[in-house]
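Shown here is one chain on its own, the form predicted on its own, set out as structure tokens.
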């Protein structure tokens, strides 16, 4: 079906189900419940889940298949965002124009950056990509301010941008052929409240298509060549095969995925800022990939969802909530625990918790959440995992 084997098609259906049913799956607790803060079925947050999953799917094609670690992928998100915003300012707010242009322009920049960076391997390649991303970030705040908006970010100006007033259907917000992407529908079921937004389902549809393309790449001869490069690039070169075009193609494809995500970010919120290109954003992408499972098909989606969910939940925990949860403790112990948690693990300090989780994953589950799921699944299988022939392993996909 669709050129996929049974296993891959089942995986595609699983991802499609997660994307379509997200408003239900991410709202397990009623709004009146004390655990409602664990819900993540908000349109803005679900959009981030889908958009960063797209970034990670592309990043996984580069890092997961070739082993080349880029620390500059956030630059492509920024380039895609700025391109989409200029399409809004110069033409109209129809995302059918902005998103393909974001992919095209980002692909051109990825081709140039990849052509230079891939002259080196290992840590030198990573440093080069980081350098390009940092240059893009710094330039956006200096000489490129007329293009990027600098510290004020880039957003449509109805007064100075006359083309904004000519948007299709008179809409001055991102839309798809006149259909407002911010349109919401709320469904009340008992104590539950489910919100459906057109913009999220656009992101979900693109996520499903992106995932399908990634599967085809993984299973194609091109994907097998990338795996061979990761296995032993030097041996491939000794055979007389020039591996640079394959690696450059993987780099460009990965950059185009990031540009697509940047365009979607602007489609959901019509402004573009240089903070999306800061080096910490690239680091977060790397953490997402490793946490989910590098080189696996499902890992990028799990990693993106896990990080964004942790950010939402942990950063929103306040001292008053901690006092409520720890109220059964003696006052002196309660105050001490609240102080430690509020200043080191939650709220503005949630990154420390992320770092601890990341450290535990790298040490105990290097295959990420995919490997963790496999280990749990093996516990419940009648057939033991070590019954396979010696030396053979099943790819964690």
Partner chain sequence: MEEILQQVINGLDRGSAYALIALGLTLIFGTLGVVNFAHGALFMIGAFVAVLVSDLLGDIRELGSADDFFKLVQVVEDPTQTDFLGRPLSVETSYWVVWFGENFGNWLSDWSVPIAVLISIPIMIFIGWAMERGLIRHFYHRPHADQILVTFGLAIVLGDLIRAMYGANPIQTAMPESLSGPVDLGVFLGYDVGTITYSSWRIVYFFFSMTIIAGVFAFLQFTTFGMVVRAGMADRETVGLLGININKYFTLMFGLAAAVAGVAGVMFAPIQAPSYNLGMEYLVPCFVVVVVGGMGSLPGAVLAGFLLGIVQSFASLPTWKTSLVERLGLDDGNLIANLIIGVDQIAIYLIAIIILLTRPRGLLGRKGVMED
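Residue numbers count along the first chain shown, from 1. Computed from a predicted structure; not experimentally measured.
In what follows, reference is made to the form predicted in complex with its partner chain, a form of this protein that is not presented.
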| item | value |
| --- | --- |
| Partner contact for residue 124 in the predicted bound form: its partner chain, 4.5 angstroms, heavy atom | yes |
| Exercise: residue 359 in contact with its partner chain in the predicted bound form, heavy atom 4.5 Å | yes |
| Its partner chain contact at residue 143 in the predicted bound form, heavy atom, 4.5 Å | yes |
| Contact flag, residue 134 vs its partner chain in the predicted bound form, heavy atom cut 4.5 Å | yes |
| Complete contact of 119, 147 and 363 with its partner chain in the predicted bound form (any heavy atom, 4.5 Å) | yes |
| Region of this chain that lies against its partner chain in the predicted bound form, out of 256 to 264, 282 to 290, 81 to 89, 184 to 192 [heavy atom, 4.5 Å] | 282 to 290 |
| Candidate from 104, 111, 224, 139 lying within 4.5 Å of its partner chain in the predicted bound form - any heavy atom | 139 |
